[in-house]
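What follows is one chain in structure tokens, specifically the form predicted alone.
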């Protein structure tokens, strides 16, 4: 199978860190580059964190910083889950790589247009960068292979009763992304809450004896405690790698056709993803409905174990 070329747009974030390492180590993925957005923490912190993760995982791809705030709304972050750094847990690491010059939105446009039909966008944070790319150069919608997002839900939210965090941070951007004429797969909470980092899953990282495995173990120790304190869940869901799995190993995630619209104006429902499973023929949208969790975690463990030595 030919590896799928992806740009990973993210806001690291503990689960974003796992998604980066998973994408870099999986043979089914060719990680072209990483773009960052404000979300789990401010842009300076999410960009720094992306560079930290690349350093730990021996990942030599360009990192470009993008949008520092949502299109129309004030930024809200998730320090209560991810800590003040966005990657609290392990001892601070000085990254061996630095972000490249140039805005993420320009780099996304240039990279996608340079290889029409080859590059997929995997977005696991607020969708501000993707919306800005569409507005700046609509041709990206025809040139991209597909878009996979971690966000939304067809049942309940996790930040409000109606809305999942990534969509709620910038619902206007999410609406633009779902309305654009490109194929979009939504991997929401209904599936990512099946990707639980149980003690057994965490031991799999700790027992690798590699810097990347130790790093994830440290992240999950902090993540587990914070998630339990905020949500009451004993085992934290590791959302973002599920979106990578859609392209890395399609048999891991069950997806079905649907139509998705984003609520932007509801007094109590802003950020809600309204999913209609009676999708018309030719619908551009798919929604994830199931996860083979053992297969998923086996793939994540194998990918992280395969990573090279850290950059120095």
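For clarity, every value in this text was computed on a predicted model and none was experimentally measured. Residue numbers count along the first chain shown, from 1.
Another form, the form predicted in complex with alpha-D-ribofuranose, is not on view; read the next lines as being about it.
- Residues within 4.5 angstroms of alpha-D-ribofuranose in the model of the complex, judged by any non-hydrogen atom, belong to 159-167 and to none of the other stretches in 104-112, 159-167, 134-142, 69-77.
- Taking a 4.5 Å heavy atom cutoff to alpha-D-ribofuranose in the model of the complex, the contact residue among 87, 150, 191, 173 is 150.
- Residue contact check for residue 124: one or more of its heavy atoms lie within 4.5 Å of alpha-D-ribofuranose in the model of the complex.
- Taking the partner from elsewhere, residue 40 is found to have a heavy atom lying within 4.5 Å of alpha-D-ribofuranose in the model of the complex.
- Although alpha-D-ribofuranose is not shown here, in the model of the complex the stretch 222-258 places heavy atoms of 239, 240 within 4.5 Å of it, in sequence order.
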